[in-house]
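Heads up, the chain below is alone and in the form predicted alone; it's given as C-alpha cells.
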Amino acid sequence: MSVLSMLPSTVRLTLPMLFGALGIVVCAQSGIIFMAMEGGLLGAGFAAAYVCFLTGSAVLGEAAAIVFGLLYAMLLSFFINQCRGNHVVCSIGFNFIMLGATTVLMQPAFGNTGFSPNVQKLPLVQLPVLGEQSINLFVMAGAVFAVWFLLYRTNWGLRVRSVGENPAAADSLGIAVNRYRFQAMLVCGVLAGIGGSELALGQMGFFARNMTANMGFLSYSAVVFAGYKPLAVVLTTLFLGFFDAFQMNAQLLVDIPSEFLLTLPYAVTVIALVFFGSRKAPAMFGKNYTREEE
C-alpha cells in the first residue's frame, strides 16, 4: 500500500470536505462561526439525490443542491445576523434539524429508510496519477482560486475581512456589517451545496442516511488547522483525506479492529488541533454586532 496508490481515493475523499472548508473560511473571515456545515452537506446531498432521482439528470441534481445551500445559509443567517443568536448553538441546532429531516424524509422520498435508489452520477474524467475523478475536481480548483481572489484581491473581500476584524470601524466607514456577513454566508451556502452534491452524485451515486459521517466537522477542523486561510486549507483537507483513505485501505490489508481504524482521521484531527491548531481567527470571530452596542 503506497502513498501513490492511495492518491486517487485521497482526492475523492477530500473533494466534498474541501468545498465545505472553503465555505467555512469565507464565513470565518467575516466573523461568522459556521459550524453548520455538517447539516449543509447532508441536506444538499439529499436534495441532489432526490432531484436526480426525479429527473434523471445529475446536473439538475447539483443545481438543486446549490439552491438548497443558498436557502440553508439564508435561514441560518436570519437567526445569527438578524436575531443575534449564538453562532455555535444555532449551527449545532441546524445540524440536528437536517439529520432528523433527511431521516424522516427518506421513506416518502425514496421508499426506503436507509438508502435511496441508485441515481445518475456526475460525469467522470480519467486523469494521470489521480485516476478516475468527478468533474467537480475542476470546479474545486476554480473554487479555491475564486475564494482566494475574492478575499484578497477585491474590494468585497477587503470589506468582508474588515467586518470580521473590526465591525465598528467598518460601520463608521459606511460598510453594512450584517449585509457583508450575509453575503459571505451565501457564498458558503453555494460551496456547501456543491460539496453535498459531490458526495451524493460525484462519489456514491445514491443518498444514505447520515452519509456525511461528521465530514462537516472535519471541514471545520481543517479550517482551524489552516489558520483560516483558503490556500492552506487545501493542504489540511488533503491531510485529513489521506488518513481517511489510509484507514479504508488498511481495513483490507491489516487484521486490526475496524472501529480503531475508523477513528484514525478523527484522532489525527484532535492531535493536529491540540498541537498545531491556529489561533489566527478574526478578532470578532463569533461575535454579533449592532450599532447600539458601540
Partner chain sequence: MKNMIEMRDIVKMFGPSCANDHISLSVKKGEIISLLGENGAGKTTLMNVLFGLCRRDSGSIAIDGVEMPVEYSPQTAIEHGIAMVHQHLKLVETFTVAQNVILGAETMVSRRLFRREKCERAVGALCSRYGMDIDPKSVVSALPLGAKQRVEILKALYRGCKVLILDEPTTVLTPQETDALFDLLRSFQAAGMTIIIITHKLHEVMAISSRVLVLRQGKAAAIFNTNETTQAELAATMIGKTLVKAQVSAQLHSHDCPPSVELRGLSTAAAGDACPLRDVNLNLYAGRIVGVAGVDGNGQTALVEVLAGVKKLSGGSIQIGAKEIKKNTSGTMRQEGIQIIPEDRHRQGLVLAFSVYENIMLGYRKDRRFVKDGVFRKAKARQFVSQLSNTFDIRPRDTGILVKRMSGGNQQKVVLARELSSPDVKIVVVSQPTRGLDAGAIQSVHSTLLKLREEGKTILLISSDLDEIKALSDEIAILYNGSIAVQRAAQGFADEAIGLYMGGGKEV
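This one's a predicted model, so the numbers in the text were calculated from it and none came from an experiment. Positions refer to the first chain, counted from 1.
Omitted from view is the form predicted together with its partner chain, to which the following refers.
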message: Residue-level contact is defined here as any heavy atom of the residue lying within 4.5 Å of its partner chain in the model of the complex; does residue 183 satisfy this criterion?
response: no
task: Check whether residue 174 has any heavy atom within 4.5 Å of a heavy atom of its partner chain in the model of the complex, and answer yes or no.
output: yes
- prompt: Contact between residue 126 and its partner chain in the model of the complex at 4.5 Å, heavy atoms?
  reply: no
- prompt: Within a 4.5 Å heavy atom cut-off, is residue 148 in contact with its partner chain in the model of the complex?
  reply: no
message: I need the one stretch from 188-196, 68-76, 149-157, 129-137 whose residues put non-hydrogen atoms within 4.5 angstroms of its partner chain in the model of the complex.
response: 149-157
query: Using a 4.5 Å cut-off on heavy atoms, what residues in 161-189 are near its partner chain in the model of the complex?
result: 161, 162, 165, 166, 168, 169, 172, 173, 174, 175
